[in-house]
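This text opens with one protein chain seen in two forms, each one given by itself as structure tokens under the names structure 1 and structure 2.
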Structure 1
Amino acid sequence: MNAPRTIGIGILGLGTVGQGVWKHLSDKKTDLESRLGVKLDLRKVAVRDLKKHRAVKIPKGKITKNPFEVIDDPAVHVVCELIGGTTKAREFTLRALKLGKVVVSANKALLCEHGPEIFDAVRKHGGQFLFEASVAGGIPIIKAIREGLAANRFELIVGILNGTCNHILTRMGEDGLTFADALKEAQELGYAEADPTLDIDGIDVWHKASILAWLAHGKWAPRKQTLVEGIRNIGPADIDFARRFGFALKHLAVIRREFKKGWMTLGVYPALVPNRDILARVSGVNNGITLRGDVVGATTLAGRGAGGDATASAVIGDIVDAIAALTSGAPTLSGDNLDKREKQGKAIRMADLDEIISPFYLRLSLLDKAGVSEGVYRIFSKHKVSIARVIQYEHPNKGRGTVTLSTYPVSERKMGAVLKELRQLKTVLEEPFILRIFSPES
């Protein structure tokens, strides 16, 4: 009998995710070896700072400051890119792919910004690029879209895709923490990006949602035609409105596809989600994604969306797939139908503002004077936008009051026109704050 083949694994980055991958690969090495019929060699790890204290202990000769010692080592077959960012990560990824290696990545920013270049390198040099860990932490959503749900066309994909934001919104809404304290906690738990503005301003979710839209529809949504809003401006009145009227406040990515009219939308924003919706119950660091497919109907996946362990689970899942392909000579997963999918994507246009419709929530800070509300309602009535509910908060002796209201479904264009006129009113004292109200139908 032949001796089992040895597969060398190199890791770039030993932060939250890298340490999780090292720990769980070491713990599960024997199980994985017998399952895959190979010997695993956790060969080398690259970091920036050799002196930094880490929760995992790496044998001396296996840690380096030079990433090329990992990438160029002929005994390394699988390179895990876990450093983050898009400059060095791009350089290292392309170098490994040019050598025909497998790259396993958790880096959604890299894929979103350089996807076409990366897949060109895959096609040209015959390596693989696997990225399960880039979206929704431990939830195997990439595999679900690619394999388990392959029979479907998706008219709706809606998800809570950022663990940091969901942790913050849950801690603010359920435990009364301030935004700053909840963010600090998420950072301490290893959920946030190195630059947490990527989380709280919605950019991280835009990266993830773009990947899902590309996988499902073959189209990279242009940033300029994508609404991207974060959670910084959510305040107590918004949380109060949600509680009173049966909503949960969630940061969502919403991807809709209209097959007859040929359009797609991608929006990233905080939203009021009715408590009866399954996503309203996805709390803390968890992520949740509902996909409505024409064959399967609505299917929801939920689980931990950030943190070293959950993300390591996804990275190791990709390593297992890569080894199975390397040892069986099966076609690479990342090369699957790329050309066909991209051709489909070219025929899709981004939706027009008149085609994107939802109910809205609005918070206004108004001068506390008789007749002020009438001026506001006149604008809604002029644009034929119907109001569903209103709450008025008075702030005695402050000369201002807060009004929160919700509308019936209306297009983004109409709501934009209402907001434009509201901003011009002298009695509106601050920038109006809006939330979309999620409804699967609209």
Structure 2
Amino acid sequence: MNAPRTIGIGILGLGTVGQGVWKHLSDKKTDLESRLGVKLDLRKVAVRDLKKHRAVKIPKGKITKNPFEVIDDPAVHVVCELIGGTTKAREFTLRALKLGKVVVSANKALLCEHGPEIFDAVRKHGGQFLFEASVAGGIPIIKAIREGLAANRFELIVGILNGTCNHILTRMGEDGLTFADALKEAQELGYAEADPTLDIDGIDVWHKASILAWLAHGKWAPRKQTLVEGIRNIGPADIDFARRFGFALKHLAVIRREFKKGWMTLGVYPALVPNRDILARVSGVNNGITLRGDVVGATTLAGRGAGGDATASAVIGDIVDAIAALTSGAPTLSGDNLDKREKQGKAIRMADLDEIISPFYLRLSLLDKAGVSEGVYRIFSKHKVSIARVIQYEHPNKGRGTVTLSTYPVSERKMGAVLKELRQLKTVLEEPFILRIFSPES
């Protein structure tokens, strides 16, 4: 009997995720070898600081400051890129792919910003690029779209893709914390960075949503045609409105596809989600994603979307897939299916503002004076935007009041015209604050 093939694994970066990958691969090495019919060789790890204290112990001969000792080693078949960023990560990834190696990455920013270049390298050189860990941590959403639900065309993909935002909004909605207090708590618990901009301004979710849109529809959504909003400006009146009318406030990525008209839309924004929707019940740092396919209907996956172990689990899942591809010769992403996906994406246009329709919620700070509300309502009437509900609040400062209202479904263009005129009113004292009201149908 022939000896089992040895698969060499190298890791670039030994942060929280990298340490988790090394630890769990080491702990489960015997079991994985038995299941996969190969020998696993954890050959080398590249780090920036050799002296830094880490929770895992790496043998001295297996750790280096030179990433090319990992990438260029002919006995390394799978390179795990876990350094983050887009400059060095791009350089290392392209070098490994040009050598025909498999690259496993958790780097959503890298894929979002350099995806076409990366997949062109896969097409030209025969390597592989696997990226399950780049979206939703331990939830196998990429495998679900690419394999388990491959028979479907997806009319809707909607997800809670950032655990930091979800923790903050959960604490605000369920426990009455202010945004500032909820953010501070998230930072103290390690859920949010000292500079939380990428999370709370929606940039992290935009990266992830862009990957899902490409995976499902073959199109990279242009940033200028993508609505990206964060959660900084959510206040007590918004929470009160949601509670009164049966909503939960969630930060969503929403990807819609209209097959007959040939358009796609991608939005990242805080939204009011009806309590009856399963995503309204995804709380804390968890993530949740609903996919509505033309064959299976609606499917929801939920679980840990971030953290070292959850992301390490996804990385190891990709390593297992990589080994299967290396030993069977069946590539996960081949030049042929990349060409098909690219051709599919070119046939799709981004939706016009008239085609993007939903109910809206609006909060206004108004001068407390007779006739002010009538002037606001005239603007809505002028643009044929129908109001569904209105709540008025007294303001701590005399001479002003807060009004919150919701509309029936209307286009982004019409709502934009309403907002433009409201901003010009001298009786509107602050920038109007707007939320979308999520509905699977709109």
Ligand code: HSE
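For clarity, every value in this text was computed on a predicted model and none was experimentally measured. Numbering runs along the sequence of structure 1, starting at 1. Here the rigid core means the biggest group of C-alpha atoms that line up within 1.5 Å when the two forms are laid on top of each other.
Remark: structure 2 matches the stated condition (the form predicted alone).
Comparing the forms between structures 1 and 2, the C-alpha position of D294 differs by less than 2 angstroms, with the core used for superposition. In this overlay on the rigid core, E147 has a C-alpha that sits less than 2 Å away from its partner position between structures 1 and 2.
Put the two forms on the same core and the Cα of G176 is off by 2 Å or more between structures 1 and 2. Relative to the superposed rigid core, A194 shifts its CA by 8.0 Å between structures 1 and 2.
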